[in-house]
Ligand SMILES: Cc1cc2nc3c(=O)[nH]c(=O)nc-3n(C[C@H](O)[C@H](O)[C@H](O)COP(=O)(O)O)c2cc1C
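Take a look at this one chain, the form predicted alone, written out in structure tokens.
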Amino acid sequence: MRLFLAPMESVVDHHFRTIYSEIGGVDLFVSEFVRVNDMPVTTKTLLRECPELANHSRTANGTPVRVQLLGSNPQTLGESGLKAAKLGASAIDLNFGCPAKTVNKSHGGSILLKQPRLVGEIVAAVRAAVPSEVPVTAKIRLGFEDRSLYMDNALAIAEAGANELCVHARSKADGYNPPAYWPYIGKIVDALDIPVIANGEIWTVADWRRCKAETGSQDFMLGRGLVACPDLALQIKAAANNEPYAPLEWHELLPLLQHLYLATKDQYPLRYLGNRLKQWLYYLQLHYDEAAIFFERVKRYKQPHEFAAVFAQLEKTG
């Protein structure tokens, strides 16, 4: 069993991947999408979006990172995939799942699921361009306006030569609202000869057990559930191996929160200071009561000395 951290746009950047690699339990990361238009993406852009490429496509402690591309031009996607492969990408992942309106309006992400033939052409072009030893993978939703073409897209991707397929068990129209429609993934698993990674609405070990039972998948991608509960992957692996596990306590997360703040604080003007920390706290409060208290305390902070003071106090009190 492999567990992936979902490439949540504007959340799971390289700083976040570093932290989760240190926590453990995640076997593979996928970069935020690199947009490819009518020109191949530049080396500079690839290294900016996936700096792990400079470390053999791995985090500092060795967890593989796949480069994710998004676009609708098969030729430039193929050329961009080749460029990423030459930089050492562990795999090239193709985004057919992003539901963002701005992305869909520019003919990228989940809107392509209305055109299974084009989806297949994109996968085929990238597969042909990238060396055979570099996996080409894809991530889809179950459809755009509805779920009627879910199997057409899955088959198109597999037949075009993809090595793996990740399926978010909702359509674009479904958004992120529960439930996730896991039985659809089960049908894809039965129809395809390549690994199918199940994604969607896995918040707890119990959710993982139900998802596994309903999909038949052996691999799983965790998104908001893992961001809210940073050791969910470790909990799942312990459960899979029938091993005891003591969940992370709040005080164990405090150094990681400080690490994220310090790593990202210089990237934004003062009015947005600490926004990445606040973003993570927003998710963590779903699992930790202490995170809600912390969030309420810092949500209006905009000065470095304010954050320094609160972390200093937390170091004393936990």
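Since we're looking at a predicted model, the values are computed, not measured. All residue numbers are counted from 1 along the displayed sequence.
Not on display, but discussed next: the form predicted in complex with the named molecule.
Asker: Given that the partner is absent here, does Tyr283 sit within 4.5 Å of the named molecule in the model of the complex, heavy atoms only?
Answerer: Yes, Tyr283 lies within 4.5 Å of the named molecule in the model of the complex.
Asker: Any of the heavy atoms of Asn199 lying within 4.5 Å of the named molecule in the model of the complex?
Answerer: Judged by the heavy-atom cut-off of 4.5 Å, Asn199 is in contact with the named molecule in the model of the complex.
Asker: Just checking whether Pro116 would be counted as a contact of the named molecule in the model of the complex - the rule being heavy atoms within 4.5 angstroms.
Answerer: No, Pro116 sits far enough from the named molecule in the model of the complex that none of its heavy atoms falls within 4.5 Å.
Asker: Any of the heavy atoms of Gln68 lying within 4.5 Å of the named molecule in the model of the complex?
Answerer: Yes - in the model of the complex, heavy atoms of Gln68 and the named molecule come within 4.5 Å of each other.
Asker: Which of Glu306, Glu22, Glu9, Glu296 has a heavy atom within 4.5 Å of the named molecule in the model of the complex?
Answerer: If I apply the 4.5 Å criterion carefully, the residue I get is Glu9.
Asker: Using a 4.5 Å cut on heavy atoms, which of Leu222, Ile122, Ala162, Ala156 is close to the named molecule in the model of the complex?
Answerer: Among Leu222, Ile122, Ala162, Ala156, a heavy atom within 4.5 Å of the named molecule in the model of the complex occurs only for Leu222.
Asker: Among 143-151, 166-174, 239-247, 206-214, mark the stretch whose residues have heavy atoms within 4.5 Å of the named molecule in the model of the complex.
Answerer: So the stretch in question is 166-174.
Asker: Within 83-118, which residues have a heavy atom closer than or equal to 4.5 Å from the named molecule in the model of the complex?
Answerer: Heavy-atom contacts to the named molecule in the model of the complex: only Asn95.
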